[in-house]
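One chain comes next, on its own, written out as structure tokens in the form predicted on its own.
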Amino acid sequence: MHHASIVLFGVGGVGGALIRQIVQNRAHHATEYDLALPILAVCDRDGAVVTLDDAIDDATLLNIVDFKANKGRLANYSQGGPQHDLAAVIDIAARPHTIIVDCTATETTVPALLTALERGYRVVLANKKPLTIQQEVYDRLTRAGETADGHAPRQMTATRWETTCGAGLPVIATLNRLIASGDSVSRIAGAFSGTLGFVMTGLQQGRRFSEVVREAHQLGFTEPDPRDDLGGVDVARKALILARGLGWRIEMEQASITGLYPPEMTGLSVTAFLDALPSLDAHFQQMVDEAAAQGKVLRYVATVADGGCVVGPQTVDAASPLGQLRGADNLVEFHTRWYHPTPLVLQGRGAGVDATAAGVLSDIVELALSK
């Protein structure tokens, strides 16, 4: 049986769901792929559980997930301890064919990820931030494993990052297949945020902006501070990853981002921000009405075209794929030489810890089975 060991960074929602899915699929992976995925180390911000044996046993792994769900820190876990250097955890725990999996939401993992690749290990990213800081870091992360001439197929490199752009939707794989076929991609447009899709759908239904945002916040669709979603930066990160996937040399500062609240609301507390939302209702109602008068609807759209990334509210034809989008689904349109005038469209659940974890697990299995 082939063994691909796992070192996991991040045991929040996605990381915890990933552990559960690995445990639940052990028999499936063994039967279908002759594959075992032992987990050697699990790390959070300042703690870790590391084994020097063959694997952390499944009962302990599931207990760790429950412990973390109850706000525990691995530094205080019975079998854990403090860690302040993820690269050191890799050096202690990793074996040949190890895959480092980053399910955090911080760029501080970058030194450890680069160390892992230098050691000949492989990397799976659900974390967007390492891919959206300096272009040079993106290059080092995504091109590791290429031949000296740089012409190795993208799918043969040592890193996978499918879930950074749409959870389990095969956005990166589709982009790579289009490029591999020689098709020229002129434009990528999409709704990359389930949260903002929920808001846009509510506006189209005639609801007030403040009402829809408050509901999304209460339902847990937004981050604890809803400005983290409404500001559009997370959507811009996804657009930047796609732009870089096209081979463009582009930095985050070059992206044009229009958020859904004015700069003067940035310094407010979360409570004060929510209380101030009704002041924006008339503005968004006017935008919705103006779009409807043109037979269009309002969507929060990321567009990758003409060498740049533009993110913000945009009117689109009501009959277009984006115009027909409802609820919290994500949608990506690829406009290419062969997919013209009708674009290639991917649509589906683009958020949620289980869907994202399933995408991460697919990346792990793909890397584990590649030579």
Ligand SMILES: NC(=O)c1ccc[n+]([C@@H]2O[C@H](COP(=O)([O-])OP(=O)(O)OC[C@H]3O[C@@H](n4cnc5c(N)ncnc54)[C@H](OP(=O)(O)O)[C@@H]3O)[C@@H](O)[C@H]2O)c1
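The first residue of the sequence shown is number 1, and the count goes up from there. Note that this is a predicted model, so its numbers are computed, not measured.
Heads up, the form predicted together with the named molecule isn't pictured, but that's what we're talking about next.
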Full three-residue contact with the named molecule in the predicted bound form, heavy atom 4.5 Å, for R214, G259 and V310: no
is_contact(I22, the named molecule) in the predicted bound form, heavy atom dist at most 4.5 Å: no
Partner contact for G10 in the predicted bound form: the named molecule, 4.5 angstroms, heavy atom: yes
Interface membership of T132, the named molecule in the predicted bound form, 4.5 Å heavy atom rule: no
K68 within 4.5 Å of the named molecule in the predicted bound form, heavy atoms: yes
Among 299 to 307, 42 to 50, 313 to 321, 59 to 67, the region lying within 4.5 Å of the named molecule in the predicted bound form by heavy atom distance: 42 to 50
Contact assignment for the named molecule in the predicted bound form, among I250, A105, L274, M287, heavy atom within 4.5 Å: A105
Proximity to the named molecule in the predicted bound form, single hit among L196, A126, A255, L117 (heavy atom within 4.5 Å): A126
Contact set, 164 to 203 vs the named molecule in the predicted bound form - heavy atom within 4.5 angstroms: A167
